[in-house]
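The chain that follows stands alone, in the form predicted on its own, written as structure tokens.
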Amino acid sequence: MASSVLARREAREGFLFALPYLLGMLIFVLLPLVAVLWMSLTGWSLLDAPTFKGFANYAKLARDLEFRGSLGVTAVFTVGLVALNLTVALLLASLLNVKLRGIAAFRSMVFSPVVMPIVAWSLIWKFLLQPQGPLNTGLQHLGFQDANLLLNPKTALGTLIVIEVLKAVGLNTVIFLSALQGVPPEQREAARLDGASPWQVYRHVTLPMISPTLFLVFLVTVIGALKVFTPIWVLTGGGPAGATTTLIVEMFKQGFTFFEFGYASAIAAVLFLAVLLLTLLQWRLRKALVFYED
């Protein structure tokens, strides 16, 4: 009897401790999500009262060529950013995973862009990449005539990918570095004694041991890539000619440029569904991709 009363008391106290988090989830996540889904079924231009339209906004999405274009841009941007970010982060972490005098300074340099405000970071690059800016002028001196990385539809998206990777790669580098330092040195030494080359040790010992971290970073980076907005809006505004208009930029334009909040909410719902499906797919593949020591 006493144990039952104690269990109920502990459960009640545990619920009270969790209540602030639960309220935050309800107010700032679940209710806005329900509101967006409801708004996606309406026609609302902010100046007029919302009118129920059913799935008309989603039918319009299926016919909208600009929306289809933004889907393609989002896919290219996400794949490019994730691949480059993870590759560079893993390479930097491997290079920084050494015991040398002054290595802590290099680690701080790699991480420093992460703490810089994203608007300030974007404005710096906007100055560097303006038509007569240092980078474009330098490229012209090297023989690249009419070089204008942000105004050329062929180079604008790739330039944004590189800028975003330079901003965010330090965080993944630190995470990978922590994982690499957790690999037992005796396992690598045993592989070397068995005649494994440095690459074989890295491929068959180090990478499997850090695969849980690789999976987590991959999952978080994919979600983050789908949400990138500020550098795109500051540097290109979605241009030139829609070459950098991702889903989230298209959503912003529809909502806060054309004031089509119902249509923008439908785009937001599609983006949420894409993130959800990608997350579930990656989670289902984790057993095939991740090595668990136990």
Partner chain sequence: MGPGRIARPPARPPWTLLLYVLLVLVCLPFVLPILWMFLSSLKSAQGIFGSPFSLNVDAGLKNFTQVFAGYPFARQYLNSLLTLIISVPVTMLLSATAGYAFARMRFPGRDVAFVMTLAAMMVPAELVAIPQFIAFKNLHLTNTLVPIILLQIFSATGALSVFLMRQHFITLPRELEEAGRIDGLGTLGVFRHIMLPLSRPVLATVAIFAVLNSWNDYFNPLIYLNDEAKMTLPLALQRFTDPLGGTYWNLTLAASVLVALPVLLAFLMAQRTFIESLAASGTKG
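The model shown is predicted, which means the values in this text are computed figures rather than measured ones. Residue numbers count along the first chain shown, from 1. C-alpha atoms forming the largest set that superposes within 1.5 Å between two forms make up the rigid core.
The protein also exists as the form predicted together with its partner chain; that form is not presented, and the subsequent description refers to it.
Checking A83, L216, L71, A196 against its partner chain in the model of the complex, a heavy atom within 4.5 Å turns up for just one residue: L216. Within this chain, F67 is remote from the site of its partner chain in the model of the complex, having no heavy atom within 4.5 Å. Remark: F52 does not count among the residues lining its partner chain in the model of the complex, judged by a heavy atom distance of 4.5 Å or less. Interface residue remark: F256 is counted as part of the site for its partner chain in the model of the complex, having a heavy atom within 4.5 Å. Although the partner is absent here, L142 sits far enough away that none of its heavy atoms falls within 4.5 Å of its partner chain in the model of the complex. Listed stretches are 73-81, 148-156, 184-192, 87-95; the contact stretch with its partner chain in the model of the complex is 87-95, by a heavy atom cutoff of 4.5 Å. Residues L166, V169, L171, V174, I175 of 144-176 are found to place at least one heavy atom within 4.5 Å of its partner chain in the model of the complex. In a rigid-core overlay of the protein, L16 has its C-alpha displaced by at least 2 Å between this form and the one not shown.
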